[in-house]
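Below you'll find only one chain, the form predicted on its own, shown as structure tokens.
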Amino acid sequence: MIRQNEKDAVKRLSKAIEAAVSGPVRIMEVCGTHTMSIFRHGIRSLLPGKIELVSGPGCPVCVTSQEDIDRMIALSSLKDVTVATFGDLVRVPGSGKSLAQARAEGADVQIVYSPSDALDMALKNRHKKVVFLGVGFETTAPTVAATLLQARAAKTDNFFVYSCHKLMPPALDALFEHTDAKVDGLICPGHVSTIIGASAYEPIVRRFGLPCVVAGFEPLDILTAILLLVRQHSKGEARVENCYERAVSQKGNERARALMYKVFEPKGARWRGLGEIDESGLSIRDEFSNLDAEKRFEIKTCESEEPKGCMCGQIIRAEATPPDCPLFGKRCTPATPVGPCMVSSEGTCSAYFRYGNHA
């Protein structure tokens, strides 16, 4: 329940935003958790009509390429292999089926809540080869790196990681360099920023002249970020501001990054909606190759196909919103998802469907 002093603060911020707006402002919230929070708390209803909020490539499941989804499903079909994954991935449709459908056909697909759960599974079931599907940004990669170090220390020979981890700054750089995404400022992701630090967005500001504000996930955090972005835009300024200082520093978590890069190294990666982006993914270093599922298994798939009619790619690029998609709310619903943006708890389509007054 929101306390009265918080309600008063929300009103003050809303009035300050309205007073600061001098013209149309299009703001991108990069993080999927921000998208959900904006809908859940009715943030849009508190803003003047001149402000438009759009979502960016901040849902890790949503930006995982169709090819990688198909390869994960192919892994689940291998003999004596258990695929361990976070829950959101299970229902994402591949070119032919989903992990959930593969499980219904006999594949061993287990939902876990951390990579260490998957390692424990491998240690307790030595006759099974356990493959953890590593999907996420800089926030989750250090914990997966720590798990791989634990696996090496335990000398386990039946635990592997399929790494689809991605790095946020190269994706933002590619988004504004190579697509038609047009925004006037960024609400930068809070969780990712705890690791990479607020200073990681300085190149975006310098290269594209985009104001950036790092924000937390409460209504006051988001409204404060919007106010700071509107003020920068109205004054023709562009800089990085941090209104999530209780969790995010300028340099971020250097120990977590050191741990991450001890196990992983940057590589080119496939992104749904954005294509191949140089140095935007994390591959497992050669010294840990015995734990790398890509190197230890022969993964065979047919040519991957994007879901017909699905506009997830355009939505990720902020070139469309879910209601623009002819499948949204019709053939594509949370019960019958066509694309990952409707599946993931951080997906834009899921947020629009749950909170967007969709009948």
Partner chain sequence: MCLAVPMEVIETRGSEDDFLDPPVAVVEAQGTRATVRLDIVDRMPGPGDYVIVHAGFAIHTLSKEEAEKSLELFDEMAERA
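Positions refer to the first chain, counted from 1. Predicted model, so just to flag it, every value in this text is computed and none were measured.
Only in words, not in the display: the form predicted in complex with the partner chain, which the text now covers.
Counting only heavy atoms and a 4.5 Å cutoff, which of 271-279, 94-102, 77-85, 150-158 contacts the partner chain in the model of the complex? Looking at the partner contacts, the answer comes out as 150-158.
Report yes if any heavy atom of Lys50 sits within 4.5 Å of a heavy atom of the partner chain in the model of the complex; otherwise report no. Result no; Lys50 lies far from the partner chain in the model of the complex.
Taking heavy atoms only, is Lys129 within 4.5 angstroms of the partner chain in the model of the complex? It does not: once the partner chain is placed as it appears in the model of the complex, Lys129 has no heavy atom within 4.5 Å of it.
Taking any heavy atom pair closer than or equal to 4.5 Å as contact, tell me whether Val205 reaches the partner chain in the model of the complex. Because no heavy atom of Val205 falls inside 4.5 Å of the partner chain in the model of the complex, the answer is no.
Is Ile111 close to the partner chain in the model of the complex, meaning a heavy atom pair under 4.5 Å apart or at it? Because no heavy atom of Ile111 falls inside 4.5 Å of the partner chain in the model of the complex, the answer is no.
The partner chain isn't shown here, but in the model of the complex which of Ile195, Leu210, Ala200, Ala174 has a heavy atom within 4.5 Å of it? Looking at the other structure, the residue within range turns out to be Ile195.
Are Gln66, Asn125 and Leu291 jointly within 4.5 Å of the partner chain in the model of the complex, each by at least one heavy atom? No, the candidate spot makes no contact with the partner chain.
Those residues of 37-63 which, in the model of the complex, come within 4.5 Å of the partner chain by heavy atom: Just Arg40.
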